[in-house]
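We begin with a single chain expressed as structure tokens, specifically the form predicted alone.
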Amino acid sequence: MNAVTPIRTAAEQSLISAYAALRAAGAPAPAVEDLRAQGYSRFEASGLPHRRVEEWKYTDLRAMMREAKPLAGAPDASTLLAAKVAVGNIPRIGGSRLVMVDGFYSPELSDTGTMPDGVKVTSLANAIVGRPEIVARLAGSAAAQANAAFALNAAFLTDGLVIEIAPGTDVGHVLDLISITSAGEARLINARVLVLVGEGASAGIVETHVGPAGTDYQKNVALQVVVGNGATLEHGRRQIEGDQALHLATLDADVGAGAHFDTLTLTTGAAVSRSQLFTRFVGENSKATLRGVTMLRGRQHADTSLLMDHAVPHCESKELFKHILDNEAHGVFQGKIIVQPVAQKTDGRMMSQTIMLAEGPAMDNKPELEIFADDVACGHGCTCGELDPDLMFYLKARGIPHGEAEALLVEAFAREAIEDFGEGPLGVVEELREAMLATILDWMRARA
């Protein structure tokens, strides 16, 4: 019998060595060691994903990740001091700030003084000790477990954050989560955040991912969300990483009965990025809205891939993603809605829209529907085009300069995905909405 030995790239060999070193250092709990081993075994079996893997057809990570950076360790005092200065330059959104530096929770840089009763924040490294229910949650959904980026995140599981919101708690303000990469030698940042929203609770969370320019660091982060029955979670995400970074992000969400989940992602940073969203309805009469705005220039590459799983009846989902591409940027949207046989009375809508600001960009769209029920209302679509020349003429004929006219039309295009975010049952993320619109205008001014 002939055995086939796969040829490992330099990056894969480095990741294998890094896992061996992490395993030798030991895990905080035997169950964590098992999670790491399961993630590593999935990675070892297939290696880094490439274009022959359908889900990664447009983002060949094996080719794009030429080398794997050394795994980041816990930040020292000087790193924390520099991070404190950097965090201070990020405008605050909401009333409580949580800070992670190089993937490790930093209580000394966080501000939890305004945290209401019923909200518990713990570092992942501490939360998993003696709490098997937390470790069980970290295993993730079947869709996430089959994903290469999530498997790698599990293999290097070290620290992160656990946010627990007790049943019936109304947080009343946004939890501002900053994930910052320190300056210096490029590292591989690995972090996991688990958010548990109890029955009937309501909360808003904003993630901001930042890092230094001119450094080709790598970040692989995962956010797991459990929205309990009758609960509401509004989640915002700003990906404004450094210009040479590689950024992989996974959102894995379970939405309970009568619950509401709304997530909005703004992507402007990183040389290569991929945002993955795995969302499942696990209770009836629930609603989920997934939306995003991606703005790329130069030779940036950004991939948005989502899976919306309607596993129960009487649920509604809406996905709307806007892309603005300039120069030679490359955008990707892969979206799939699955309606299981029991999921009658499903309402699912998905749309991807793109504006090309030059002749050089490229956009790949792949919307899909898999419907196994017969009493549903589902649809999907995608568009690509340039700014309307008639509207441009109309604005310029009234004395508006070309650059400002472009900015106005781009803002109007992106606003459709942003303007009603935070106006749901909770309505506490208006500051984030305004910050995102300001980022779009700044991006267009820099272009002009």
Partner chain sequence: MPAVQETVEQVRSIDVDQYKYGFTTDVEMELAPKGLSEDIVRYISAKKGEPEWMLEWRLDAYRRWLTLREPEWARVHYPKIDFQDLYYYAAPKSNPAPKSLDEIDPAILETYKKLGIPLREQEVLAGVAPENRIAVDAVFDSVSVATTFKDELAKAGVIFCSISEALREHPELVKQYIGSVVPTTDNFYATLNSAVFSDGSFVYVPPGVRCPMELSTYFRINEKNTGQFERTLIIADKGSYVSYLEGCTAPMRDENQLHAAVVELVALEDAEIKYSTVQNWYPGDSEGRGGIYNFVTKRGDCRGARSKISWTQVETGSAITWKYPSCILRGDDSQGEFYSIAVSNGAQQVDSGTKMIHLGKNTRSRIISKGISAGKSQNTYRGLVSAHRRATNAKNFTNCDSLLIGNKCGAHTVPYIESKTASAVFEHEATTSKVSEDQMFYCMQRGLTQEEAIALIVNGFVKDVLQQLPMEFMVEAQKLIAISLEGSVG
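All values derive from a computational prediction rather than experimental measurement. Numbering follows the first chain given and starts at 1.
Only in words, not in the display: the form predicted together with the partner chain, which the text now covers.
*Asks:* Scan G256, G94, G242, P361 and let me know which has any heavy atom within 4.5 Å of the partner chain in the model of the complex.
*Replies:* Of G256, G94, G242, P361, the residue with a heavy atom within 4.5 Å of the partner chain in the model of the complex is P361.
*Asks:* Quick one: from E67, D34, E386, D420, grab the residue that has a heavy atom within 4.5 Å of the partner chain in the model of the complex.
*Replies:* When the partner chain is considered in the model of the complex, the option within 4.5 Å is E386.
*Asks:* Looking at 24-32, 375-383, 394-402, 45-53, which stretch has residues with any non-hydrogen atom within 4.5 Å of the partner chain in the model of the complex?
*Replies:* In short, 375-383.
*Asks:* Going by a heavy atom distance of 4.5 Å, is Q344 a contact of the partner chain in the model of the complex?
*Replies:* Yes, Q344 lies within 4.5 Å of the partner chain in the model of the complex.
*Asks:* May I ask you to check whether N365 falls inside a 4.5 Å heavy atom distance of the partner chain in the model of the complex?
*Replies:* Heavy-atom contact with the partner chain at 4.5 Å: present for N365.
*Asks:* Using a 4.5 Å heavy atom cut-off, state whether F413 contacts the partner chain in the model of the complex.
*Replies:* Outside the cut-off, so no.
*Asks:* Going by a heavy atom distance of 4.5 Å, is D76 a contact of the partner chain in the model of the complex?
*Replies:* D76 lies outside the contact set for the partner chain.
*Asks:* Could you list which residues of 57-89 come within 4.5 Å of the partner chain in the model of the complex, counting heavy atoms only?
*Replies:* Stretch hits, in order: K57, Y58.
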